[in-house]
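Given as structure tokens, the chain that follows is alone and in the form predicted on its own.
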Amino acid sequence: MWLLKLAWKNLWRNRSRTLVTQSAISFAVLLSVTTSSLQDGVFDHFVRNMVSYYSGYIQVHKVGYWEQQILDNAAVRNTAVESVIANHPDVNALASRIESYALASVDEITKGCVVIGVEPDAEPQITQLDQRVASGRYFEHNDQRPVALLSEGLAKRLQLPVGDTVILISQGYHGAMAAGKYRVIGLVRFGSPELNDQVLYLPLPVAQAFFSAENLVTSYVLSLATDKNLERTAASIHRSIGQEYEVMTWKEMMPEVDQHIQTDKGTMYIISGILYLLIGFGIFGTLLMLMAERKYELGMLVAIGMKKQKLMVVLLIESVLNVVVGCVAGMLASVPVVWYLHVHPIRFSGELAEAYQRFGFEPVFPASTDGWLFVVQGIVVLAMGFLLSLYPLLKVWRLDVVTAMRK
């Protein structure tokens, strides 16, 4: 106990030196937490943007549909299964869809398109489809009229304004002939050129009637509160609804996007490693300064009879106190910084912003407020501080009293 008291008194005997050491550690934690929160926030924002376009976090299909995406592999709509999925604790929203291909025709112009039947009330909870309407209006509540929403690119290719009529021709369920005409009530704008040039939306009952696929759906699309437990949630839903359905995460449906994110994360890990190296040098530099200032003091203590082992314990306690206080202060200081960057994210402008917007992504870098970020980064810097604290112990162990006391 007396060693702890001695270490505490030693810390505040030279306040400026102690504050410099603790400030260096605090700044290291602040920098580490802010960088990591921005890194996680950027990737989370990217994923949210991507899944909110079309795929959702998870999709449920009849087994075999994903390998051969045809109407004959559609599933009979099952309210019991829908209830099980919707009541899962990790699921925020559920929307049913029926999807296939068709030819869209206006006068002498004919273009291929993807026809997606959506639930007018449920779909906006997944993809914010109602907010993407650039002109005209969205579907009405439980709409069952022969109306359609066209992507802007497709409407431009068909030279089709809002209020005009589009004719659709396709093959329906079990080879039935599908044909119908639909009034265009709105145009939707997507950042993705692929979606913007080929998508046409119908109310789900209207699309089912068009494809002669009453009460059939090709997919259930799910929105989650977070993707932190994505695979575990998918596995849990799969166990709940049985083996006749396949449950796929966005990573399985779009593996190339997941690989791109993992590659970017690998690059960020390298940058984080360099950051930790700089942080380590900063803390070590502070310890070098501390030992240089206390060289005479340490030599004097050994000269008057204090054992090196006890002196090493005192220095270790001092280092632990410095590191712990510095880490706690850094974590507390990082909270308002991260919160500010979360509420007021970094926004890009100019050509970079235009490039992001062309592909439907907001040109912003928000910070993540995940509590584990603060804990993990604090522990990492804490471990670095403890490891570097071995340097003063080594210096004391190898201390030459005569050399240390020579001024």
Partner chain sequence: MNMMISMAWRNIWRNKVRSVVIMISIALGLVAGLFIMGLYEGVLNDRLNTVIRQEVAHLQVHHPRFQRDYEAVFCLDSASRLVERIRSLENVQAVSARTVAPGMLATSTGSAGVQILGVMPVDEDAVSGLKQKLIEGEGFKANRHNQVVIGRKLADKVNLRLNSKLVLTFTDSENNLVSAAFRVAGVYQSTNAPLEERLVYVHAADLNRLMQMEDACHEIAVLLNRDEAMTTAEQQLNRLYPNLLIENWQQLSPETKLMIETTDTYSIIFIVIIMLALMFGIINTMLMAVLERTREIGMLVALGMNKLRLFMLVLWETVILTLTGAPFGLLLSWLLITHLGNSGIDISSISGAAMSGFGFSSLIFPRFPWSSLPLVLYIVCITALLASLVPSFKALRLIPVEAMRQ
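Numbering follows the first chain given and starts at 1. Quick caveat, the model's predicted, so the values are computed rather than measured.
Form predicted in complex with the partner chain: not shown, discussed below.
*Asks:* All three of 232, 245 and 372 touching the partner chain in the model of the complex at 4.5 Å, heavy atom to heavy atom?
*Replies:* Verified in the model of the complex; spot residues all out of contact, no.
*Asks:* Look at the stretches 126-134, 177-185, 234-242, 272-280 and give the one with heavy atoms within 4.5 Å of the partner chain in the model of the complex.
*Replies:* Single hit among the candidates: 272-280.
*Asks:* Is residue 24 near the partner chain? Define near as a heavy atom within 4.5 Å, in the model of the complex.
*Replies:* It does: once the partner chain is placed as it appears in the model of the complex, residue 24 has a heavy atom within 4.5 Å of it.
*Asks:* Using heavy atoms and a 4.5 Å limit, would one call residue 290 a contact residue for the partner chain in the model of the complex?
*Replies:* It does: once the partner chain is placed as it appears in the model of the complex, residue 290 has a heavy atom within 4.5 Å of it.
*Asks:* Applying a 4.5 Å heavy atom distance criterion, does residue 38 contact the partner chain in the model of the complex?
*Replies:* Yes, residue 38 is a contact residue.
*Asks:* Does residue 286 reach the partner chain in the model of the complex if we count a contact as any heavy atom within 4.5 Å?
*Replies:* Contact with the partner chain, yes.
*Asks:* Could you check which residue among 382, 60, 51, 31 gets a heavy atom within 4.5 Å of the partner chain in the model of the complex?
*Replies:* In short, 31.
*Asks:* If the cut-off is 4.5 angstroms on heavy atoms, which of these, 212, 198, 223, 105, is the one near the partner chain in the model of the complex?
*Replies:* Checking each option against the partner chain in the model of the complex, the one that comes within 4.5 Å is 198.
*Asks:* If you apply a 4.5 angstroms heavy atom cut-off, which residues in 157-171 are near the partner chain in the model of the complex?
*Replies:* Heavy-atom contacts within 4.5 Å come from 157, 159, 171.
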